[in-house]
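What follows is one chain in structure tokens, specifically the form predicted on its own.
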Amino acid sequence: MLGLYDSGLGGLTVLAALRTAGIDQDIVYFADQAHVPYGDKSDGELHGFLTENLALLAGQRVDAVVTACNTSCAVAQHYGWPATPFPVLDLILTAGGSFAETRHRRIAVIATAATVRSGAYTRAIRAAAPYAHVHEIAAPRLVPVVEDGEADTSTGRDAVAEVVAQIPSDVDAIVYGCTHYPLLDRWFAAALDPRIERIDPAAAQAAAARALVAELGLPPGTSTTTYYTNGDAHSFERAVRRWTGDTTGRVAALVAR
């Protein structure tokens, strides 16, 4: 069984990528909505949330954790990953490694303020592609827009337009450095020059997860997902059904630690 966690709904994009990649492992998904958004929190707070999230998934007896939160990975690269009885797949390192054979030379990473502050994406991409120029842009409005159910509204469109206005004109690719942002892809696609590739690291993370499942020799699962939140369970369930199309996965409240 695999564990996924995020500050909220964004990790559902990674979950979707796992299922699209044919991963049939049963999955426990935890949304730490009591603390969303992560981007405006201190590094110390974020590392505390990370430690609690991994402990919660350990209690669910998962065999591995596929991180679905870039901000947590950025903080872990500074503070270190908490000790766990299972392997943890770092989303930023996976994303950076995927640029090893890229044709892109000028890359804009759109991420939370905390992720940008860490510089983790620049380090990860340049470790794989030393010639690449990386420009990181903080987009603090985007996570609240998604969490508040405004992704498909003019509010979402306008929030994306503010971010696009900050992207240098000569970039040839953007990276969604927060898993919430692909849920706003329609607005990015409409606002960006079509020559600019929009990269969702979830695809690379799914490929890495498939390799990890094979390496661990995990038996086939039933493709069942159980969803937990420490926020409002009813609004979370509506969002899960909307974004995933999963009408059978169990959604439950989890008391905040």
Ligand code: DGL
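From 1 onward, residues are counted along the sequence shown. Everything quoted here is computed from the prediction, not taken from an experiment.
Another form exists, predicted in complex with D-glutamic acid (DGL); not displayed. Remarks below refer to it.
Residues within 4.5 angstroms of D-glutamic acid (DGL) in the predicted bound form, judged by any non-hydrogen atom, belong to 35 to 43 and to none of the other stretches in 35 to 43, 184 to 192, 219 to 227, 49 to 57. The single contact residue among 109, 95, 120, 143, judged by any heavy atom lying within 4.5 Å of D-glutamic acid (DGL) in the predicted bound form, is 143. Of the residues given (69, 202, 66, 31), 69 alone sits with a heavy atom within 4.5 Å of D-glutamic acid (DGL) in the predicted bound form.
At a distance threshold of 4.5 angstroms between non-hydrogen atoms, residue 75 is out of contact with D-glutamic acid (DGL) in the predicted bound form.
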